[in-house]
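The chain below stands alone, shown as structure tokens; this is the form predicted on its own.
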Amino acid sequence: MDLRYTDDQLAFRAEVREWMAANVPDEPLPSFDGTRAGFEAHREWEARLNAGRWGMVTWPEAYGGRGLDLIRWLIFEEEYYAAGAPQRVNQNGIFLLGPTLIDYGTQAQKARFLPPMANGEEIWAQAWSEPQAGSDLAAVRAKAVRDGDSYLLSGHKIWSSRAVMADWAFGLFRTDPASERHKGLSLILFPLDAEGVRRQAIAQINGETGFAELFLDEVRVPVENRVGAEGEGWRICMATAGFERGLMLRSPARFQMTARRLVELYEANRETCGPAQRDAVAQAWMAAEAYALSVYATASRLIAGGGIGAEASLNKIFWSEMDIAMHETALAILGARAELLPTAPAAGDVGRWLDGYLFSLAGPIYAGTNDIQRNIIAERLLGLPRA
């Protein structure tokens, strides 16, 4: 394996770095989960990225991308995080639904949905989970009833990320009322301002509202909003989940940057740290680098024509537990100050480690709980019998 970058890849890295230096805001944007103003500021950032054709570099040029391979996407991500660029408010769209539409959508769906997704004009929410179908997604009960050239969507979705202020959602619905489990499900797109949609924000521990419940009462959408054939929703959503768990939702650059900040925090507080904190920082750095190499290997396999299978579950467990360990180490270094808000008089260099820690605790839950991922590994990778 040759881990050196080519001259073309190095030139691409330089181009990304130059654009980021000229365009990344000097001050952090307000949270997109905190206020409408923060949400719209991030929407404007998405438009700015798209104007530079950086919205999603792997997409075809016809839909706002650059048609680049996954190695260049990883390079872009490294420069993006190194520049301190804003978080992506439309990550559900550009990282999850976008690749799904490119693989499974019709030409009309690609032309209709991908350009406004790329420029932030339409922000997307993921609407898969239900009160009785979170970890066990096959228990979905929300239904889509065919009525001529339309579907009538009814049901209750929960933990729908970005749905408080997003424009559209992609959801899994039961189109065959007699079906059970994985069969008879379809992936359907619906506008969140449609008649019959009611949103209810879910307050998080930090007061922000990154999630919402969605109550759907015979929401009418055209049949053309179904992605793939009727009843093929489970297979398509598992492809989306593979991207989510195994590659795009959490690029390695995010964790490499966290590891770098952790080293800086340790250096700044070295005199009060013991061997345990020193070893934990070293372990965090090695884990982030190992994860990056693993993702580069996955990207190379996909470029060569391979796919993402059940091994994505290994990735998901690794990055979610690594994220918690990194933030626990930071809190241990900060000691009692870790509980202070960044604006507190005695906060010093606490930064946003506490916020990061609280968010990291959700990692083992979203994108399929780690308990479910362990079941997948046991059954599909190790060949163990079902309990």
Partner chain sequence: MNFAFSEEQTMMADVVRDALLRECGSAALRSRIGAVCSFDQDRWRKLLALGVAGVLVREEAGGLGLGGPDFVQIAEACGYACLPEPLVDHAGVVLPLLSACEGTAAGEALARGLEDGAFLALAHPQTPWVVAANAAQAVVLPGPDGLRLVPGADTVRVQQPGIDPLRQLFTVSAPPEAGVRIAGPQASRTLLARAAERGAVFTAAELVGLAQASVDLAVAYAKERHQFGRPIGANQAIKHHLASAQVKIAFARPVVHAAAALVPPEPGAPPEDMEARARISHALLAAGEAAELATRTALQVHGAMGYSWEVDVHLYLKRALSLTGRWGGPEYHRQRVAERVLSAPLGPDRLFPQPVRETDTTPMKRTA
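These figures come from a predicted structure and were not determined experimentally. Positions refer to the first chain, counted from 1.
Not on display, but discussed next: the form predicted in complex with its partner chain.
Chemist: Does its partner chain come within 4.5 Å of any heavy atom of V223 in the model of the complex?
Modeler: Contact with its partner chain, no.
Chemist: In the model of the complex, is there a heavy atom of its partner chain that lies within 4.5 Å of any heavy atom of E78, even though the partner is absent here?
Modeler: E78: yes, in contact with its partner chain in the model of the complex.
Chemist: Report yes if any heavy atom of Y266 sits within 4.5 Å of a heavy atom of its partner chain in the model of the complex; otherwise report no.
Modeler: Although its partner chain is absent here, Y266 would touch it in the model of the complex, with heavy atoms inside 4.5 Å.
Chemist: Test of understanding: in the model of the complex, would N315 fall inside 4.5 Å of its partner chain by heavy atoms?
Modeler: Contact check for N315: yes, within 4.5 Å of its partner chain in the model of the complex.
Chemist: Mind checking whether each of W285, Y296 and D371 has a heavy atom within 4.5 Å of its partner chain in the model of the complex?
Modeler: Affirmative, all three are within 4.5 Å.
Chemist: Check each of E218, E180, D136, D279 and return the one that places a heavy atom within 4.5 angstroms of its partner chain in the model of the complex.
Modeler: Comparing distances to its partner chain in the model of the complex, the residue within 4.5 Å is D279.
Chemist: Using heavy atoms only and a 4.5 Å cut-off, determine which of M257, I102, L96, I158 is in contact with its partner chain in the model of the complex.
Modeler: Comparing distances to its partner chain in the model of the complex, the residue within 4.5 Å is M257.
Chemist: Only one of 168-176, 232-240, 288-296, 184-192 has heavy atoms within 4.5 Å of its partner chain in the model of the complex; I'd like to know which.
Modeler: Going by heavy atoms within 4.5 Å, the stretch is 288-296.
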